[in-house]
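Read the single chain below, which is given as structure tokens and is the form predicted alone.
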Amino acid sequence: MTDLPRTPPRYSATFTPAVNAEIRRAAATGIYDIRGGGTKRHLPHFDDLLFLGASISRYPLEGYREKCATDVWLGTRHAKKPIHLEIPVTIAGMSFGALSGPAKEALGRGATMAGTSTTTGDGGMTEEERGHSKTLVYQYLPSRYGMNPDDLRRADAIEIVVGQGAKPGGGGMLLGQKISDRVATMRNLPKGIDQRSACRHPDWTGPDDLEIKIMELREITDWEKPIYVKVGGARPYYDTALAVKAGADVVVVDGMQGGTAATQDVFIEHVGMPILACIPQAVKALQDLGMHRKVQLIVSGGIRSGADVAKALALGADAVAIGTAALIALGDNDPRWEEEYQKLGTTADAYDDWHEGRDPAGITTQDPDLYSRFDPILGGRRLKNYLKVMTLEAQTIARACGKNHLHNLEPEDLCALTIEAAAMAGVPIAGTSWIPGRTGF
């Protein structure tokens, strides 16, 4: 009797090789997995949306002769000195500690050349970033690392961080190998010891206390600085509404595709919502309060291209913030360092090394031998080029939709490729007028 061919083995859809490997790792070590970067799972994202360019029913603009403005004002509600940016793409908060001093300098250089702002992140203000940033936003986090009234006054805006998209409801981490003498001094921490930031501010427990804190910061800075409130994408409608009630000039909503210096992998992959689901809810909160465009909305989490920028603005945002993309533009996870990434047990483009302080590119490290490899002048130029390309791409799309300003883009200019994206973004499935959950077939 001839043996029948054996059916090839199949992996379980639940217990995949990756899942099994994590179970074995947890069983062997008793320690949960920590990493940097953002979620790696597939989520509905801006790629699931398309623009409806102009034809007969809409009149496109000629790119060589007709202008499409890109500027944005932030903080016009209460601040004596609101911020005017040339482009609606800002640099998100990334701390000195998570990033090297030269990397912070490069972010400041690139943002300034592109006409936009950068943000301090946790850990205080560095002279490298302040000295090279025309517009610098100072993050006020639960840890209060490096916080002092003088630096609050030196900043151009203040961002109160309530939550982050990679870990809404959770505090940050910085491994001991990144806590150098300088980082330890700025944060008042012991050198070389792992630290975990608090998940909530120590002196307030709700929106009424937040209102008091915002008033304190306004008084310290003589009402000059715009006050941002940043929340992780979890309950964006209510969080946005409460931030507005507390007196915020700008609300920043960070979706779960946003990165982090380091946190538990289970946080990154299983807590929060995609930014696509967050934007319409935040916009609706502003609209219901009659504050849309009066209180500006910045969104972040997986922004990569000018198309992403245009889609975020079409859904109602005033500006976007980028973090991971900015680091890649500087030169992080460059394939030219592949051999060294392999020695770390990872590979270029995986960003599994960012939290460990051994970054071969010299960007996410405090090792002098490594960060001396990084040229902040060249890095700044690379970031400027990237921001310029993003802006040109967004303008190209806006003109094709017949808009003379990026802020004139609207949901009507969009359609969705999937039911999930249509439901989250509140735009119809391509070729139909159906918005799942909102309209009939």
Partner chain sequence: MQTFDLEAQGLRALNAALHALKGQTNMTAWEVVNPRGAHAIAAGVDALVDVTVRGSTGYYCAGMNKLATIRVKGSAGPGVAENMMSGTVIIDGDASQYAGATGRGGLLVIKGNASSRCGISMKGIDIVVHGSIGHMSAFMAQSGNLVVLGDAGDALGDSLYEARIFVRGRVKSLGADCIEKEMRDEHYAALEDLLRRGEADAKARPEEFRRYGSARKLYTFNIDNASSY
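Bear in mind the structure is a predicted one, so any value in this text is a computation, not a measurement. Positions refer to the first chain, counted from 1.
Omitted from view is the form predicted together with its partner chain, to which the following refers.
- Contact annotation: residue 371 falls outside 4.5 Å of its partner chain in the predicted bound form, judged by heavy atom distances.
- For the chain shown alone, residue 127 is not a contact residue for its partner chain in the predicted bound form, no non-hydrogen atom being within 4.5 angstroms.
- With a 4.5 Å cutoff on heavy atoms, residue 143 counts as touching its partner chain in the predicted bound form.
- Using a 4.5 angstroms threshold between heavy atoms, residue 149 counts as touching its partner chain in the predicted bound form.
- In short, of 251 to 259, 284 to 292, 353 to 361, 203 to 211 it is 203 to 211 that has heavy atoms within 4.5 Å of its partner chain in the predicted bound form.
- Scanning 345, 190, 335, 131 against its partner chain in the predicted bound form with a 4.5 Å heavy atom cut-off leaves one residue, 190.
- With the partner removed from view, the residue among 153, 304, 235, 78 that has a non-hydrogen atom within 4.5 Å of its partner chain in the predicted bound form turns out to be 153.
- Across the proposed site, 15, 19 and 181 without exception lack any heavy atom within 4.5 Å of its partner chain in the predicted bound form.
- Within 4.5 angstroms of its partner chain in the predicted bound form, the stretch 208 to 247 places a non-hydrogen atom from each of 209, 212, 213, 215, 216, 217, 219, 220, 222, 223, taken in sequence order.
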